[in-house]
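Take a look at this one chain, the form predicted alone, written out in structure tokens.
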Amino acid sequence: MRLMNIGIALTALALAGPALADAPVALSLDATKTEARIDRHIFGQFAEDLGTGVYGGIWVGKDSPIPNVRGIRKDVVAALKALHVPVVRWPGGCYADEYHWQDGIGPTAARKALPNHAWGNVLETNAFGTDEFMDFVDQIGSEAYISANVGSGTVKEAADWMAYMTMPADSYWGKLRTANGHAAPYKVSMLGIGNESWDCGGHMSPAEYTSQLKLYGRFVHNYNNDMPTQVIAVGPGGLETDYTEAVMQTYKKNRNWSWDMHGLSLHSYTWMAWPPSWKATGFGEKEYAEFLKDTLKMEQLIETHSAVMNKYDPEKRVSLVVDEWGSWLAPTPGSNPSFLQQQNSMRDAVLAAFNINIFARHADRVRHTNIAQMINVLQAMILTDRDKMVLTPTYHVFKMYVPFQDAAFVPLSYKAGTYKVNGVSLPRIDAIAAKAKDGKIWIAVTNVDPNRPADIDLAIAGMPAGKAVGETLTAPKFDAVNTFDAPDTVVPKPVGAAIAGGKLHMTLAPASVTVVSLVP
């Protein structure tokens, strides 16, 4: 009898254990309480003249059999338009500080074909230059973020470039632009004063860089009043605060009517070790967890540099601009290692959601970011191979998050729980909420755990919610990818969600990203 009771008790504990472990995650929000606007520019993109990111990814030439408009791929344009890309950074990256803009204007046959010293010494034809980039940005409905050459260029060269892009048609530079096919001045949304000046941009000390920043800020002018240009200064590439301190001190003490700045750049990749050697596919659960753990350092980076910025700019006028971020993994086997081509898995989708959520939670200071990069390079949105194109899991995350652009951040209360494997601990779920201009509430929830589904109970206050509509991105395995032969392995699908008793109920698949809207 006693043995039977022990057996019954053990059975009961065995049944209760998983039930307790898998208890629904409770979240709550009040739709009437909103905070900073999630600036649409945090969903910015980056297209460096690197590998096949531009040539083959964006530009195929006007005579290509691949369908194009003035040399720019139609399929890529259509895919990017669906993302509502707010801004594109070009021409670099490290390449920016070796780029001389006049090599890339005028008749294509007369342009200089030169080695790309920054990325493998491959021949850069300069067929894709300023006018082609501005055409591309216009075709996808985006804005231009131009990186000026500080490392090997001059203040005059950058000033002439801005004049070429923004002066009226009857000016000297406007006439040259008109002769090259575009009479109307271009709109330059952002101007980066150099790139990684502490390293590939000239290995400058903070004092050396700030002396250049003041000159470029003073003499490089935007002449197109239809779009003011934000000036972005070079900032840190890690936790070191010397550049942040120097640039913000310069901003506070020396800024006057003659020069200004609006953003401080921060670069941070998820790569685990240098040179990047972690596999993009075929990795195990431990590598899945460790890599995602590493990307969470973004939170500490933002908090560290925001604290320094707050000393000099408590009004938060200057944005922390994370204009290079994403996963940097081992090159695709058989590819040119200088081209930084890598596959893009479900792990990258979770990584993208993690970072976007961090940016949103710091929307009062982080108002602009650029994932690296847009096509065929690093954590790309799109992969191409001649006439073929495939959308990556990261692309789908960006598309699912479109409703968060310019929406107001709504605080979410929840206990994330813990996912553990081989000594690595991560939050089991990660979530944000926002209120769009039309009043809809949007929820994004990531289930980090690749083994267990997560039941969600979200208590909703401050609005009547009749139904929830949304989609989820998941995959058969956490290292699953989309290929040219199997492009739909990782694609969003409708998510089952129900509202009852003022609560949203849904079950999230393992290793998934889910976005839903609450509809009255």
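Residue numbers here begin at 1 and follow the sequence given. These numbers come from a predicted model, not from an experiment.
Missing here is the form predicted together with alpha-L-arabinofuranose (AHR); even so, the following discussion is about that form.
Looking at 265 to 273, 305 to 313, 410 to 418, 244 to 252, the stretch with residues near alpha-L-arabinofuranose (AHR) in the predicted complex, meaning non-hydrogen atoms within 4.5 angstroms, turns out to be 265 to 273. Taking the partner from elsewhere, Tyr216 is found to have every heavy atom lying beyond 4.5 Å of alpha-L-arabinofuranose (AHR) in the predicted complex. In the predicted complex, Asp348 stays away from alpha-L-arabinofuranose (AHR), with no heavy atom inside 4.5 Å.
In the predicted complex, Glu196 approaches alpha-L-arabinofuranose (AHR) with a heavy atom inside 4.5 Å. Taking the partner from elsewhere, Glu124 is found to have every heavy atom lying beyond 4.5 Å of alpha-L-arabinofuranose (AHR) in the predicted complex. Only one of Ile42, Leu50, Leu473, Ile58 lies close to alpha-L-arabinofuranose (AHR) in the predicted complex, with a heavy atom inside 4.5 Å, and it is Leu50. Out of the listed residues Gly93, Pro393, Gly235, Gly326, Gly93 is the one that sits within 4.5 Å of alpha-L-arabinofuranose (AHR) in the predicted complex by at least one heavy atom. Here the marked residues Thr295, Phe354 and Phe478 all miss alpha-L-arabinofuranose (AHR) in the predicted complex; none has a heavy atom within 4.5 angstroms. Contacts to alpha-L-arabinofuranose (AHR) in the predicted complex (heavy atom within 4.5 Å) from stretch 282 to 312: none.
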